[in-house]
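Let's start with one chain on its own, the form predicted alone, as structure tokens.
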Amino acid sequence: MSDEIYIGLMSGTSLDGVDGVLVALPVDGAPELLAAAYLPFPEVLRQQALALQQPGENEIHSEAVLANALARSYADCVQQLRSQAPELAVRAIGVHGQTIRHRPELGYTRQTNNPALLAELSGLDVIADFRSRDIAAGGQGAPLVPAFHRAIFGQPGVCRVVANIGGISNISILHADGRTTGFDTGPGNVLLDAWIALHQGKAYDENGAWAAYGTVIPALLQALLAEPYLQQPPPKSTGRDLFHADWLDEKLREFPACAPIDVQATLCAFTATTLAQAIARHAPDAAGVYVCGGGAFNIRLMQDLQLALRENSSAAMVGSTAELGVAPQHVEALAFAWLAQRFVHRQPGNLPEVTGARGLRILGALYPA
């Protein structure tokens, strides 16, 4: 069967914008990237999404307004992608939506979106709401990318870890014997972004430059590492519902005299250490750790991750997924194009051994053009 053309869209926990890819996918094959686009979110949209991370007044209205704004941003990204290859017929769009609540222990997750409006604006079939079916089957609904990581990054006889560092960090462990496991390890950039926004008015710490001038506070790092979630066995997933500014403020009450720059350095080490401890515990034979997401561009974080792996008795080499042929900023959008194709062909997209679901499930819901 010839390749099919899909669009994948991803806007993650970092709330920076939407990444989009136009990709050729053979059935059960590796993707060929045809075009890519990135649209930063307007600040008003970002603030609307941040406000919905916590309970507030008139949430139903606020979410509906945000959903419409997101759909229009997604449609603009689709238009940019199609303008780069207007001759190609797109089979469907796979879109994740914007997570505002993730409570699998209560049986729900919420990815804000208006896929009906996106279908109307784009004139294309839209596949959305990928997490709900896995949760309905008793799973965590996350992470959903390990099956895709296995398909494109797996190598028989070699254990690899793919670490996605967005707002939240998760790992896919591609075991040498063909098994695939994975889970959310803890915060990625979410606390780093919140702290630098508070103290320097910046959306993120570019290249980890601010953290690089700070000094890690060992006692604070240990207090952060005492979070019970980090010791829970997988399957598990998390989000802003746990790791948010109030959580950090509670930890900092015992450290009132810490310089903000040193807190930033400690938060960077915290993300790196939670990843390294999870890898050392669950993938001690990993030959390499390949990072995707925004964290791959944080030089200090990548250095801290390599150091933390050594400190946790792991010899794994740290690089980015670019070394495996896929740019770090494209991996998740590609994954949702791949999941859309799985839906179209009625193939399962989850891995029960990752999410804890009762079995394989077809993920997503169709909004026809």
Ligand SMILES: Nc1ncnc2c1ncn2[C@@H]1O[C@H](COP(=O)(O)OP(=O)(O)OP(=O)(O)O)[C@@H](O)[C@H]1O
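All residue numbers refer to positions in the sequence shown, first residue = 1. Everything numeric in this text was worked out from a predicted model, so none of it was measured.
One more form of this protein exists, namely the form predicted together with the ligand; it is left out here, but the text below deals with it.
Only one of 239, 115, 104, 294 comes within 4.5 Å of the ligand in the predicted bound form through a heavy atom, and that residue is 294. Comment: the ligand is not present in this chain, but in the predicted bound form one of 285, 206, 254, 249 has a heavy atom within 4.5 Å of it, namely 206.
In the predicted bound form, the ligand lies within 4.5 Å of some heavy atom of residue 167.
Shown alone here, residue 23 lies farther than 4.5 Å from the ligand in the predicted bound form, counting heavy atoms only. Within this chain, residue 354 is remote from the site of the ligand in the predicted bound form, having no heavy atom within 4.5 Å. Taking non-hydrogen atoms only, residue 10 approaches the ligand to within 4.5 angstroms in the predicted bound form. The candidate stretches are 117-125, 186-194, 227-235, 87-95, and the one lying within 4.5 Å of the ligand in the predicted bound form by heavy atoms is 186-194.
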